[in-house]
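Heads up, the chain below is alone and in the form predicted alone; it's given as structure tokens.
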Amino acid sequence: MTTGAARQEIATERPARIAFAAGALGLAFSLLGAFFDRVQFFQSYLVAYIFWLAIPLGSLAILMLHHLVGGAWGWVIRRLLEAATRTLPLIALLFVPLFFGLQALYPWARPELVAGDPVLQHKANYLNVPFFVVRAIFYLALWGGIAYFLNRWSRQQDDVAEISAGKRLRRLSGPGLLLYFLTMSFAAIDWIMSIDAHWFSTIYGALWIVNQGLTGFAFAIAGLCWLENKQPLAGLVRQDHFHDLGNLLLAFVMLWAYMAFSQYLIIWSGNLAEEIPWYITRNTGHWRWIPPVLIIFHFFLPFFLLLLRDVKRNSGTLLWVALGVLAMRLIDTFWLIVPGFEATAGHPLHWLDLALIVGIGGVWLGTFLWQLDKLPMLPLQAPLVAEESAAHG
């Protein structure tokens, strides 16, 4: 266990072992399935990867936001966010298998399709395998680099209570957020939107940035609910902290609804032949039940619950809201990606989808729990602890 000014009573070893075991089992079944259906394996892998990617990247954005604006809400989840960002090297490693499945995922990666499609030929200077690989490596290296320095300077604050480290954290977070917005916008286009290279949306990158922020906040709230009664957070995490985090979750739920509806309204009102098929596919057949589910359980229900003060100040009820949001994020991710494979997959759900969600998720959660035990759950510099505690009574 971590040593520091405050003793920790966070038993991470057992849940980490369970997570790693579940992940190994899920990946073993997935690799077996890959021998029988290689195309389905890569399609399911992409869905699972994009879902779990949202937690460390959303945590990275929230961490930089906290360094810029401050607030006690970020003090209690700072170590959770930092532990999530330290899994980015694993995220980079997990992207490698996708390099071997580009032809199973993207029509622009198949020369025979590009040769007969003027649209793909027009986009070939950007959508080609070598440039795709270079961009992906750049995105992952940049995100990992930002996370490395944020964690390094945070440790320096703990070691020597160094004031200049806090200044460096703020100075990095401003341009870091800008770089994250730009690179994630392009990554969303490269990794997700280009599944259907004939379709486009100028708001698509921003929508995925909001998706990741919402996922990051929901995950951080769930983690804080788990840790609130464990040392050293026991007695320090108050109702006001959960109230602030509940308000931020509410803001991102509203922002997600605004972005998703704006894209739908603009495309539907434009009624352009190259745009509306994307929504028609996702609102017909076996996909037609997902939009009502998202409207009710991803927006209306959490929206009205998070308007209630008692819900936000009660960690038990707020935990269920956060877990519900995470479940809806998985369904929404599935709905946004999988219909693009309809022509080749021909069915909405495959057992490999579940196996890879568990496989990648188990490995990621195990790594996160392992990283969570690396640093004290509270910043060790006394002035900051006193300041943040005083802010909440």
Partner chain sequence: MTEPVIDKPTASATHDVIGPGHTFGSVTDKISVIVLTQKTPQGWWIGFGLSFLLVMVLFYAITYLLAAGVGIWGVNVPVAWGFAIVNFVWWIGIGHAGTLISAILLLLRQRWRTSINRFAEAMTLFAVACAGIFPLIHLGRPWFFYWLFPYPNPMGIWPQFRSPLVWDVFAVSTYATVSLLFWYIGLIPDLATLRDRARHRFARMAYGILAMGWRGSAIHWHRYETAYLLLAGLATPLVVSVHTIVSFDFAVGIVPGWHSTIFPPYFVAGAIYSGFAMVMTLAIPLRAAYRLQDLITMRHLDNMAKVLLTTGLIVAYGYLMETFFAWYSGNEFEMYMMANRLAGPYAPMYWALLFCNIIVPQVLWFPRLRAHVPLLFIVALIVNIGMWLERYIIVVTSLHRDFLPSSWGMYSGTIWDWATFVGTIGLFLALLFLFIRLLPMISIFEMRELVHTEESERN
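Everything numeric here is computed off the predicted structure, so don't read it as measured data. Positions refer to the first chain, counted from 1.
Form predicted in complex with its partner chain: not shown, discussed below.
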{"property": "Proximity to its partner chain in the predicted complex, single hit among 277, 316, 145, 175 (heavy atom within 4.5 Å)", "result": "175"}
{"property": "Contacting member of 132, 186, 287, 297, with respect to its partner chain in the predicted complex [4.5 Å, heavy atom]", "result": "186"}
{"property": "Segment that reaches its partner chain in the predicted complex - one of 79-87, 224-232, 319-327, 268-276, heavy atoms within 4.5 Å", "result": "268-276"}
{"property": "Contact test, all of 125, 170 and 244, partner its partner chain in the predicted complex, heavy atom 4.5 Å", "result": "yes"}
{"property": "Contact label in the predicted complex: residue 283 to its partner chain, heavy atom within 4.5 Å", "result": "no"}
{"property": "Distance check, residue 197 to its partner chain in the predicted complex, heavy atom within 4.5 Å", "result": "yes"}
{"property": "Residue 75: touches its partner chain in the predicted complex, heavy atom cutoff 4.5 angstroms", "result": "yes"}
{"property": "Heavy atom of residue 240 within 4.5 Å of its partner chain in the predicted complex", "result": "yes"}
